[in-house]
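The form predicted on its own is given below as one chain in structure tokens.
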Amino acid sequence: MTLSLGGAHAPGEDPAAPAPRSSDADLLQSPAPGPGLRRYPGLDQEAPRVCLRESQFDEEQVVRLLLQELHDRGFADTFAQLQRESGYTLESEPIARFRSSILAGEWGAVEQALLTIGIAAQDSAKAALFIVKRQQFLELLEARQLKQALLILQNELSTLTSDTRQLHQLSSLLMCPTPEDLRTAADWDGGSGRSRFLVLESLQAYISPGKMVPVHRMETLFGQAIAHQCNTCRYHVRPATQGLYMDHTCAETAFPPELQIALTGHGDEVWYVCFSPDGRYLASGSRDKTCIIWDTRDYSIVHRLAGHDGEVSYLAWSPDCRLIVSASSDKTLRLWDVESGEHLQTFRGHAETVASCQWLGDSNRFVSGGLDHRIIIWSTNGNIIKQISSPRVHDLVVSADCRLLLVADDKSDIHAYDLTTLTFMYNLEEPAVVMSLALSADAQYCLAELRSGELHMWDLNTRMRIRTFTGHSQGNYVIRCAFAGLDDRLVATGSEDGTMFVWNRDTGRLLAQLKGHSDTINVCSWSSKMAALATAADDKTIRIWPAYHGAPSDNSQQSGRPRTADGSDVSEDDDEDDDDDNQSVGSEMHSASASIHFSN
């Protein structure tokens, strides 16, 4: 009786006759194979394998990646069948023994295997052996076999590296009184944790991938493919959630103008706006000398903060969102409690308008810069920690790790300081006066808004100007630019004609011109938590631009008409009840050096 993958032939049946194709229902209802047999529907052992399409990729590599993924996901039977059918194995026998020896902690066998698996370069062989011996040393310490550990440190590890700092660090571990102290001091999870798997991953850097497929290789390729799709996404404002069946793309309806929410509450031009880091609040500062904190759930007014004697030029949220600092043309900064709206502290130290302020990593210190040639680092208790003499400050930004401070002066330079040592590092020279700055979250890119009407982007790693964004109008008014979108992939800035411009950061392509304001847009702020852009303008309004349908800030019931604190619409007549003289005075004050305008 001849066996096929479909079972036994009946007596008198022609074994060469093709078997009828089974339907899906037949396959589901077919009896289970007998002992020792596996049923693989649609396959015939005696028929040659037919490849349904040509591929540019090497078959062995593809199959071995599939084998690794099946092995990692626990499909043992399918893994074995694919090896039998393809004739390829995931690893050779020596490599398989090498892997199992590492995971079993058989360090003598691992050391012997390193001599035979083909690490050609001597330096690489020593580095690989150091990884093995370090793990062995740590496991001996964990087992409290201190003499053996000391011998490995003195006789072997010391001969494999010239890094005395690392050797001193390892020797200090001999003083750890308990295994728990050892694991903490070495930042190591022990021989029974994941440390041996990490050793295996580290050693793979020295072994040819043809011999030992890098760990999680298919997962890595999937991640790289999705990252590339995100990098090339024209409108990248939402995470790549499509999975593996579809390419990632964001809809062209990014920042749909019809979904805007317009807020009124200030009695004069709105000069600054920013979302809290957690997206719960929006803060705005105005020429009317007040700040407003808005609840982003319904955009109602939570607090109206009054106390400044001059226009509010800048706002900065503390990292924990409990505090907010306001800067003003009255030469002071004020600290406010967000929950209660209470004024906590007034900071006096500047002799002219305070142009900008930023928190320094925690909620205890912040830095401010003014037109008085001073940069001041403050403690929230009101004390001055440090003062730095500088040119007149137009704007300043701080990196997320609080290592870098960039300062735009009243000429055409951007000054870089090391905040850890408070020392000057380098200058970036612009062809025109820099009005504002923005720094990407990873501190790789810096935006510089110029009085000449250009917006430049710098790569701080190379200190090269790499892109110019144009189209908006910029003159003597301070217009603050921003990075936007996921991973700061978008660039946004306002314009004196009341239009908001949004570009793709990497291509420089103009993506959107958002129209809604009737006067100069002074500032924009992006919130990843809210997936929305906020803009503030001389028309006394703030507008919210949700980045896509379904964003937390998306509210289809909003008409785009201005809203008051109680949620009612404001008529156009009410919104424009100022006479022409007041409008003229407002524009002049906004561009006067006594407020936030920067003159030569």
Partner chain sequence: MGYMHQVFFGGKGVYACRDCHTHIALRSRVESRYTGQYGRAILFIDVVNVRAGSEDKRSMTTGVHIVRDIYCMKCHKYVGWTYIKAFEPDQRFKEGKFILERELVYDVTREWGVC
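Residue numbers count along the first chain shown, from 1. Because the structure is a prediction, the values reported are computed rather than measured.
One more form of this protein exists, namely the form predicted together with the partner chain; it is left out here, but the text below deals with it.
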**Report entry** Triplet 266, 290 and 305 all within 4.5 Å of the partner chain in the model of the complex via a heavy atom
**Finding:** no
Requested in this report: Identify which of 219, 337, 352, 459 has a heavy atom within 4.5 Å of the partner chain in the model of the complex; exactly one of them does.
Outcome: 352
Requested in this report: With the partner chain left out of view, choose which of 491, 407, 261, 435 has a non-hydrogen atom within 4.5 angstroms of it in the model of the complex.
Outcome: 435
Requested in this report: Considering only heavy atoms, tell me if residue 476 and the partner chain come within 4.5 Å of each other in the model of the complex.
Outcome: yes
Report task. Please run the contact check for residue 517 against the partner chain in the model of the complex: heavy atoms, 4.5 angstroms, yes or no? Result -> no
**Report entry** 4.5 angstroms heavy atom contact with the partner chain in the model of the complex for residue 271
**Finding:** yes
**Report entry** Contact label in the model of the complex: residue 527 to the partner chain, heavy atom within 4.5 Å
**Finding:** no
Report summary line: Given 352-360, 210-218, 172-180, 461-469, the stretch touching the partner chain in the model of the complex at heavy atoms within 4.5 Å is 352-360
Query raised in the report: Using a 4.5 Å cut-off on heavy atoms, what residues in 386-417 are near the partner chain in the model of the complex?
Result: 392, 394, 410, 411
